[in-house]
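This document starts with one chain, in the form predicted on its own, laid out as structure tokens.
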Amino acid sequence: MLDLNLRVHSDLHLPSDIVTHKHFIDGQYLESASGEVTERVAPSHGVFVSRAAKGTEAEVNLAVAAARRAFDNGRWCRIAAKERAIVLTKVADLIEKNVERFALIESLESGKPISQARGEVGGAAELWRFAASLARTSTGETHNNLGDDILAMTVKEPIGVVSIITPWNFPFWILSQKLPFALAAGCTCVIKPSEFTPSTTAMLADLLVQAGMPKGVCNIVLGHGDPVGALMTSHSDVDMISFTGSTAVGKKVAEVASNTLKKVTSELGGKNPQVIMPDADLDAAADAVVFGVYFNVGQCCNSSSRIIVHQDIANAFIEKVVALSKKVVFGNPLHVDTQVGAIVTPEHQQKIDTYIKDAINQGATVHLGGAGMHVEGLSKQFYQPTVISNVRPDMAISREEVFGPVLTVLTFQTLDEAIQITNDTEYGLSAGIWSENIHNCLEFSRRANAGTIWTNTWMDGFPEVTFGGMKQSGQGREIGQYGFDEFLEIKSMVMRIGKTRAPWVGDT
């Protein structure tokens, strides 16, 4: 048994009642036509915590029709941007007033620590506020240099009806990276959260109503990817899809959307490296590595699941990481001191374990962990912090997204070699480097094929700084000005001043 910091006793109590949710369509709360529901068992405690209507094609059709009407009649897209910004800011204020209520159910449904859930929900309010600011400051271009008789403009218009499909690992945060920016642009939306974590998205409907969102502008359909997500992807009245999930599903979404040439933005998988140079602050780097791999129990697209360490310091650095890993507090997500909670499903836990066993069979060395974890009084869905070295770049555990608390260690001798290993993957979401040499940091930042490069830090994010991946980590961007622009079409308007156009057809 590993000498780990475990927390069993909780500061919060399990709710006495199961939280129930309906679809939110055209301003109304609806049960499914089929009468079916899905129930979510808390991965940490093994008890039912929520029940949600299970959507069918009927609910998707109703929701898309409502969003289409709301867009076409201009009740949202043609009002002043100031009015949209006022509503979004009210939503932000309401989110902050409901942090505890939202965080508790998110912690239970996802297995993440309550402290992290509070940070996620509370922090999401700033995404709504920043999106509101972009609504009021959106501009186009004018061209007044095309001749005395011509004036031209380019203007930005909302793209239309947007299908938003979100995952289970950061349900409220990722929704808030998409929805307020789409709404700020003037789009109308249909949302499908993961069936594992539907609650915070469903609960948002009440806040939208309180904030004064017009009916039909934002619609929420609960249920599974098939049929709900599938129809939201293929529906002829949907103009754009914003999807976050696995690369495999993202490819299917893009393929289906191509039949109607819908715009698709996607944030997909990652196999994100941190390069540790010999001149780095090793204590700070080790702490960031531990945070990067165990945050959200490794179930994070930005997880720094592989580190690329200079050969001269590899052994010493591994020792630091292992020592820190043993101090990370795993256990009951409802305890305020817990840093790492439960794995989302038993099936996913088995998948993580398979990666590790395969790596061991191929000659990898396990320095820590490598198996499930027993936490007295809780479910079996906990996995030990795991550190593995002697990993080759061609191993599956080094190339594929494990999505668990598993750190793989590779070594290098030169910066060129570190960059080559960094880029030797189908993913390109994020990467990082630790060094006191600014020249090494700049060279790595310019040559690493990833959408975000962190230098002497990991996973710092801001509403103003856009996010997204290269290669098979996705298409398009979220948050920031670029993320806002994804929801806009560009239209050119060319005007002739006066009757100056020469006839094309002359007098006969």
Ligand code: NAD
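Residues carry their position along the shown sequence, with the first being 1. Quick caveat: nothing in here was measured; it's all calculated off a predicted structure.
Although it is not shown, the form predicted together with the ligand is what the next lines describe.
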The listed residue (Thr188, Thr166, Ser304, Ser107) that reaches within 4.5 Å of the ligand in the model of the complex by any heavy atom is Thr166
Of Val87, Val253, Ala314, Leu334, the only residue with a heavy atom within 4.5 Å of the ligand in the model of the complex is Val253
Ser194 within 4.5 Å of the ligand in the model of the complex, heavy atoms: yes
Quick check on Phe467: any heavy atom within 4.5 Å of the ligand in the model of the complex? yes
Could you confirm whether Glu120 comes within 4.5 Å of the ligand in the model of the complex, counting heavy atoms only? no
Can you tell me whether Gly140 touches the ligand? I mean in the model of the complex, with a 4.5 angstroms heavy atom cut-off. no
Give a yes or no on whether every one of Gly225, Gly229 and Glu401 sits within 4.5 angstroms of the ligand in the model of the complex by heavy atom. yes
Contact stretch among 357-365, 384-392, 78-86, 240-248 - heavy atom within 4.5 Å of the ligand in the model of the complex: 240-248
Note that the ligand is not shown here; using its position in the model of the complex, name the residues of 260-281 with a heavy atom within 4.5 Å of it, in sequence order. Glu267, Leu268, Gly269, Gly270
